[in-house]
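Listed next as structure tokens is one chain, alone, in the form predicted alone.
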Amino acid sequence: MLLEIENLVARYGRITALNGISLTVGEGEIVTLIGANGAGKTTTLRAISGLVRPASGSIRFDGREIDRLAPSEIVRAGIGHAPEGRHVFPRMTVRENLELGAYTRRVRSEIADETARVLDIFPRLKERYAQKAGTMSGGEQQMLAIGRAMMSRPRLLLLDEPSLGLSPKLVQTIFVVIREINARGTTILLIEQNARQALAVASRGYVLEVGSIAHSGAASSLAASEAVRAAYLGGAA
């Protein structure tokens, strides 16, 4: 397995956000985490990327323990993170935002190659290349946030609510892009409030409830589960 999380516990002060979760992500997969707000989904991604220090448990990436590494070392190990809320640098151009995503890379030709790859996946960013990020639409900023995370050429890409706040049309576009990124060889761990779309794009999934994994399995099985449908899919088959 590319990513292995075992008995992970994470806390914010006295509040336990993750209560001993275990999950895996295989090379080439799209795996999704679904659950209500406050279930621990974002904390899981923040723990993987080193932004939250686990209280106990282990996180292994490609067989290497990473739960005590600094975030910059985790990026160098091959993990990219596009956080919830986009968090682009609004006063910087698209080009400058993308270059910041490549801060761990030193070979200019590799950065140029990765920029070309990102702009090929996101043609809109090529049109906005010299534009300041803060003047772009929410959908364009989301594309930029994902593109910036891709600039380190991660083996594993963590996506936190990529469709949040977007129009239905742009939601469809983002999920097409997620499939394309994966088809080009990047493994994806996806958090998404739109559980129906997430399960449609993923091969496997986990359902988090109050810091614990309540259900797991093939995405198709979760989508067919009465409990999951009732809680996250509006009760529809």
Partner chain sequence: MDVFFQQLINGLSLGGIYALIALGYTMVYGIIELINFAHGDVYTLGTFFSLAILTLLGVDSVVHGPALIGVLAVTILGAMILCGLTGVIIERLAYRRLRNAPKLAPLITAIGMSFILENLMLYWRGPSPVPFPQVIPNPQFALGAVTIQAKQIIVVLLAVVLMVVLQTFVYNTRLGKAMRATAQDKDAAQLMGIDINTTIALTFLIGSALAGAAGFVSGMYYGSTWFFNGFGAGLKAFTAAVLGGIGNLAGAMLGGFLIGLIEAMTTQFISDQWSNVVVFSVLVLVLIFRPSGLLGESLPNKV
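Positions refer to the first chain, counted from 1. In this text, all values refer to a predicted model and were calculated from it rather than measured experimentally.
Not pictured, yet referred to below: the form predicted together with the partner chain.
Engineer: Flag residue 126 as yes or no: does it have a non-hydrogen atom within 4.5 angstroms of any non-hydrogen atom of the partner chain in the model of the complex?
Structural biologist: Outside the cut-off, so no.
Engineer: Is residue 77 close enough to touch the partner chain in the model of the complex, meaning at least one heavy atom pair within 4.5 Å?
Structural biologist: No, residue 77 stays farther than 4.5 Å from the partner chain in the model of the complex.
Engineer: Can you work out whether residue 55 and the partner chain are in contact in the model of the complex, taking contact to mean some heavy atom pair no more than 4.5 Å apart?
Structural biologist: Residue 55 lies outside the contact set for the partner chain.
Engineer: Evaluate residue 167 for contact with the partner chain in the model of the complex, applying a 4.5 angstroms cut-off between non-hydrogen atoms, and reply yes or no.
Structural biologist: Close contact is absent here: in the model of the complex, residue 167 is far from the partner chain, nothing within 4.5 Å, heavy atoms only.
Engineer: Tell me which stretch of 168-176, 43-51, 25-33, 56-64 has a heavy atom within 4.5 angstroms of the partner chain in the model of the complex.
Structural biologist: Answer to the contact question: 43-51.
Engineer: Can you tell me which bits of 140-179 touch the partner chain in the model of the complex, meaning any heavy atom within 4.5 Å?
Structural biologist: Sequence-ordered list: 141, 148.
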